[in-house]
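Here you get one chain, nothing else, as structure tokens; it is the form predicted on its own.
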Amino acid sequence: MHLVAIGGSDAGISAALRARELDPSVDVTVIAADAFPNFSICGIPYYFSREVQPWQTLAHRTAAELEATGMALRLETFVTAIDPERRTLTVEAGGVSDDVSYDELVVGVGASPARAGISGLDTLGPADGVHVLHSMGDTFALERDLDERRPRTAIIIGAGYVGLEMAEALTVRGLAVTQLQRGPEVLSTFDPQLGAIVHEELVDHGVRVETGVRVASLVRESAGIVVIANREGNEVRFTADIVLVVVGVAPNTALLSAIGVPVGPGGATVVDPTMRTGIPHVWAAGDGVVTHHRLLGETYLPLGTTAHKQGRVAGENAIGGTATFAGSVGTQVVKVFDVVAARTGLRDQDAATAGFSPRTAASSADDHKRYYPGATTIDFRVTGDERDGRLLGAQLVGRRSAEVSKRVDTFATAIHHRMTVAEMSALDLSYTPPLGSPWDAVQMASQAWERGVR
């Protein structure tokens, strides 16, 4: 059997590794459009902050390590067409086209940076000081700009996870950063009460944060790149030496759409939980496909953790397995200077739209016993269903030392297993005064929700 995986990032590599793990007799070829397979795109902000050096360390595995598993790599190779009848791919490398045959195909071509309708992005690029950040090529272009032009000011359009991480990184690099956010608060996937804590952390570290700003266009002038935007019906302008646009992603679907695979939520390719596309012998996974969510059903929520799992399922099933993607609950975390924000499940408004009867309770609790030095406060917003008490979601913000990321994982595990909020108190969680309390902070937040519904 010859399994071909298109895409050298999380989904494609996970599919290839799983197939080789389960059956070393399977011939596996990974076709990647660039020369950097299995690099951590999530780690790029820490390369810019100089916490991760050199750039080669961003590789989860080197090309040599991947090939040592028995897979073949075809790098800097573009797949231009799929012929499902002949089971062949048309590929192009170095200006030369040829065909690659397959028995089973996994498509993991990911997503591309969204443009959000911003005029000027089609004509301005890295040479002008305008950047996106979604690949190693983007990384090298921005690094060259920082090294060669020595910009002193930067505008970041977007205050989601990557935008916030890059605000920290560029601040550490000595740039004066202005962050523009369309919504009323940074981190639009959090309730604004918690986003405000992250906002304050940014300001405390010198980042200028402008919310309620809808960017319309970018133009290059003698003073730098001018961002033209609208706020409350009035035109506003911001100018900087460089502009970084990080406003989300759009799924890459052209290859599969061309052979009749439909798109669903978010314009992403439709697959079932086994990662089947509906075209025989063609599977798909990663940021280009829909997300099966344990609370929402079919949606689009591209995450690296999800892409790894989907790729693993696709690789197993492509060689005859029966695996199923169990579903996401949307668990995410971000570090912004010394603050960590994490969330999982649904917020109140999302849960109501999905047909639940949500109630959200705000509370705070210490990360460990107050009498032991260094205790800090974690702010929580816990969402449950008033009808049956089912846990629907949780949001947490605390200091980096407060183990926020692992505490949100406790909530994520509970949501995955359809636990009630009350059942959180029954969990046997670890305790020692320097690290926690007899009732852990997640349990105290859950009990605060219970008190609110009584």
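All of these numbers come straight from a predicted model, not from anything done at the bench. All residue numbers are counted from 1 along the displayed sequence.
The following text describes the form predicted together with another copy of the chain, which does not appear among the structures shown.
**Request:** Note which of S97, T322, T123, T305 lies within 4.5 Å of another copy of the chain in the model of the complex, where distance is taken over heavy atoms; exactly one does.
**Result:** Flagged contact: T305.
**Asked** Given that another copy of the chain is left out here, which of V26, A412, L66, A33 has a heavy atom within 4.5 Å of it in the model of the complex?
**Response** For this set of options, the contacting one is A412.
**Asked** Heavy atoms within 4.5 Å of another copy of the chain in the model of the complex: which stretch among 370-378, 102-110, 124-132, 209-217?
**Response** Of the stretches listed, the one contacting the partner is 370-378.
**Item:** Site check A72, V263 and V282: each within 4.5 Å of another copy of the chain in the model of the complex by heavy atom
**Value:** Not a single listed residue reaches another copy of the chain in the model of the complex, so no.
**Message:** At 4.5 Å between heavy atoms, is A223 in contact with another copy of the chain in the model of the complex?
**Reply:** Judged by the heavy-atom cut-off of 4.5 Å, A223 is well away from another copy of the chain in the model of the complex.
**Message:** Can you tell me whether G43 touches another copy of the chain? I mean in the model of the complex, with a 4.5 angstroms heavy atom cut-off.
**Reply:** G43: yes, in contact with another copy of the chain in the model of the complex.
**Message:** in the model of the complex, is there a heavy atom of another copy of the chain that lies within 4.5 Å of any heavy atom of A326, even though the partner is absent here?
**Reply:** Flag for A326 set to yes.
**Item:** Close approach of G330 to another copy of the chain in the model of the complex, 4.5 Å, heavy atom
**Value:** Yes, G330 is a contact residue.
**Prompt:** Going by another copy of the chain in the model of the complex, which residues of 411-428 come within 4.5 Å of it through any heavy atom?
**Reply:** The stretch 411-428, when checked against another copy of the chain in the model of the complex, contributes A412, T413, A414, H416, H417, M419, S425, A426, L427, D428 at the 4.5 Å heavy-atom cut-off.
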